[in-house]
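Taking the form predicted on its own, here's one chain by itself in structure tokens.
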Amino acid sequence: MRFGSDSDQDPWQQPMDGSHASGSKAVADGPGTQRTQYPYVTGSSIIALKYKDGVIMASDTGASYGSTLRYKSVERIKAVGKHSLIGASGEFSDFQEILRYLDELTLSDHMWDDGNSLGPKEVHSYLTRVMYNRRNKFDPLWNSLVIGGVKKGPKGEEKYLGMVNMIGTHFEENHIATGFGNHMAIPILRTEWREDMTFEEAVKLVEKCLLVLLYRDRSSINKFQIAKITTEGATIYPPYSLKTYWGFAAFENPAQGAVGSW
């Protein structure tokens, strides 16, 4: 199911009157034009980290229609070219538009047929320009994007992990969490992440973060997807669930001791 627009325009040539509206709505008011953006179908956190052999990325597969958790099988992690993975929080139709831009970018790069291909650092740089360009038009793409990958560089196989948000703010890091995960998962990652983690250890760490978010983030569901990228390429695993426990006293009687609550 596609939620977004099918605009054929390129990201640098969007109309200034806001008429295309990918995940947004333009409203004319008086002599001028007034834009009001409404993110409709949104996804929650992305968790990503470097490990010994590459980069691992994880998210749930839920997407909310406003405050209603409406869609339960939305995949928000995709492969980009030969060397990169991208994951997105935020408006899903805007993410679909970004994937269209990246398809055009990788196709154009492939047509040069010069033996080179775009790596995660180049994809990240491109997306920072796209997001900042749209922000400057007061018509942003409502996403936080995580880009990870592995590509051969001057020092051998180099792992890369970066993020960019809807206003173009970007950085590189060894571990990244977007959305609610930026508050709840980052302390766990800072405490337990190691550069020499095996894939199995990295999976356990991201699952711990996903469980914390499941318990505390109303937009999260117990259906998760994990992806990894190494020198051998990208692998996106089928969705699965984690074992949960809801027998805590605070869950059974959350209003106890709360004056004035139901």
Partner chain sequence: MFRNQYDTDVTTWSPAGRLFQVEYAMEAVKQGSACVGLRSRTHAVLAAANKAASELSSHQRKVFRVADHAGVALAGLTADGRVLSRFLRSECINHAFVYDAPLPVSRLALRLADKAQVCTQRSWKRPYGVGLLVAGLDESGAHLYYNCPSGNYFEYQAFAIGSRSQAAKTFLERRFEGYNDYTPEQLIKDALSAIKETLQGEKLTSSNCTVAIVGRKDDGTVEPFEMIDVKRIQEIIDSMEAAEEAPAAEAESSSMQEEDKGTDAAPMDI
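Numbering follows the first chain given and starts at 1. Fair warning: this is a prediction, and the values are worked out from it, not measured in the lab.
Here the subject shifts to the form predicted together with the partner chain, a form of this protein not shown in this document.
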Specify the contacting stretch among 74-82, 142-150, 87-95, 105-113, defined as having any heavy atom within 4.5 Å of the partner chain in the model of the complex. 105-113
With the partner left out here, check for me: in the model of the complex, does some heavy atom of residue 135 sit within 4.5 Å of the partner chain? no
Since only the chain is shown here, I'm wondering whether residue 131 would be in contact with the partner chain in the model of the complex (any heavy atom pair within 4.5 Å). no
Tell me, yes or no, whether residue 180 is in contact with the partner chain in the model of the complex, where a contact means a heavy atom of each within 4.5 Å. no
If you check in the model of the complex, is residue 118 within 4.5 Å of the partner chain, heavy atoms only? yes
Of the residues spanning 123-161, the ones with some heavy atom within 4.5 Å of the partner chain in the model of the complex are 125, 126, 129, 151, 154, 155
